[in-house]
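Shown below, as structure tokens, is a lone chain in the form predicted alone; questions about how it binds or moves come after it.
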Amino acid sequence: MQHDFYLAWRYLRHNKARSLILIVCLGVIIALPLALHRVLDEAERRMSARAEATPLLVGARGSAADLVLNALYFTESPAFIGMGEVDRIAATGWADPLPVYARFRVRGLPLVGVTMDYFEFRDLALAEGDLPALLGDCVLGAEAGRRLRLAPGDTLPTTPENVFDLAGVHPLKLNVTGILAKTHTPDDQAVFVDLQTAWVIEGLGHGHETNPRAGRADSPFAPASGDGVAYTEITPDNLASFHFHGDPAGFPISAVIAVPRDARASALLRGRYLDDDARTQIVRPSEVTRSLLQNIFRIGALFDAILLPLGIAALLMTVLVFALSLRLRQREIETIHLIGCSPMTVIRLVAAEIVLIACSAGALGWVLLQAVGVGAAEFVRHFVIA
């Protein structure tokens, strides 16, 4: 048997191209379905963990999935609610409300308006610098800081919603005060500001330029300009002049994270949102995420159904390659017979080649699976969660 494997090994080495093609094809076929399920398992684990850490969400009535994705992953929000909803939840005494306003993007990254309680709720620690303390300050997630190549003390102009709207609100020049430590969550890719700063970006608040000759506040704050781009900048000199017009209860937010005191408070608060005609809804992110994951697993089952016939076709092709190879090696087989070997010897040689190729393909599949296991978390963050 040892000699059979030696001769088979020498034959495979002599035909390197054919052997490598067979090994790679079989290795990928073995690894592909297992790698797919490993990625799905990682996506389920990460999405479930963030949803389980968020007890309740209140937002505009409509798609519960859109509400959860916006509040947890900072995707585009289809509708907004008023800040008065925060006061309504706080007035019940059953839960602590944490408003989230994820509407804008800056250089492709989500710009999220939150209160200081959000950082404590998500256990977001600072890697360097400080949390936002003044109007116009921002703190960057770890990945946002790396991609934008900014550090505390730098500035970050926001991106106008419509570059063709010349009469619209000018970009706001944000002051970067800190970089958050990496958490491997969507918070890593966000730029956080306080709610008031987010409302200034939206144009709900503005400052007034002080005319030193008149000694009083002049007409609305004029944007500064630099490098040919006009923007609004909040400085210690004009900070006190910034103010908002209108009822703060009507200022927009995209969702409210409600953290109930206990199970009874959670049930009572959910009871406040049973009216189907109300403009707001309350959802459990864990339940919504579970429903989303069920759809993802249906896609996984669909992939399995597609991969099964592909795998069978690939195996049949492999059998065909071996059959054609045996026909091409007819003279070689006749030589083996002429030197006194039995037909069983030929069968043993072919079997040894198949075993060596199968073992090599299995080893390659294992290596591919390990590589997917190492990169699955990053893949999920970039292509599933982000």
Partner chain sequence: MSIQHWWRRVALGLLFFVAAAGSDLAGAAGSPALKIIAVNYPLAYFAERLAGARARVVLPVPAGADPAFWRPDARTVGTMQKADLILLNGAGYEKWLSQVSLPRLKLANTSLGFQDTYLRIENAVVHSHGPGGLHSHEGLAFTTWLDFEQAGKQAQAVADAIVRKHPEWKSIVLENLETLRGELAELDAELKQTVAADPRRPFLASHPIYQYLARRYGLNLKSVHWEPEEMPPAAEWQGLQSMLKDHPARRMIWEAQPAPEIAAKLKDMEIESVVFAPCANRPEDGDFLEVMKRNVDALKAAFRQEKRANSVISKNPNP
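A quick note: this is a predicted structure, and the numbers were derived from the prediction, not measured. Numbering follows the first chain given and starts at 1.
Form predicted in complex with the partner chain: not shown, discussed below.
Not displayed here, the partner chain is approached by M83 to within 4.5 Å at the level of heavy atoms in the model of the complex. Within 4.5 Å of any heavy atom of the partner chain in the model of the complex lies no heavy atom of A142. Contact annotation: P252 falls outside 4.5 Å of the partner chain in the model of the complex, judged by heavy atom distances. Contact check for D87: a heavy atom falls within 4.5 Å of the partner chain in the model of the complex. Exactly one listed residue, out of L315, A127, L134, L204, brings a non-hydrogen atom to within 4.5 Å of the partner chain in the model of the complex: L134.
This chain is displayed alone, yet in the model of the complex one of A240, A79, L268, L307 has a heavy atom within 4.5 Å of the partner chain; that residue is A240.
In the model of the complex, every residue of the candidate spot (L98, D117 and F244) has a heavy atom lying within 4.5 Å of the partner chain.
Heavy atoms within 4.5 Å of the partner chain in the model of the complex belong, among the stretches 188-196, 104-112, 150-158, 281-289, to residues of 188-196.
Contacts of stretch 42-62 with the partner chain in the model of the complex, defined by any heavy atom lying within 4.5 Å, are made by none of its residues.
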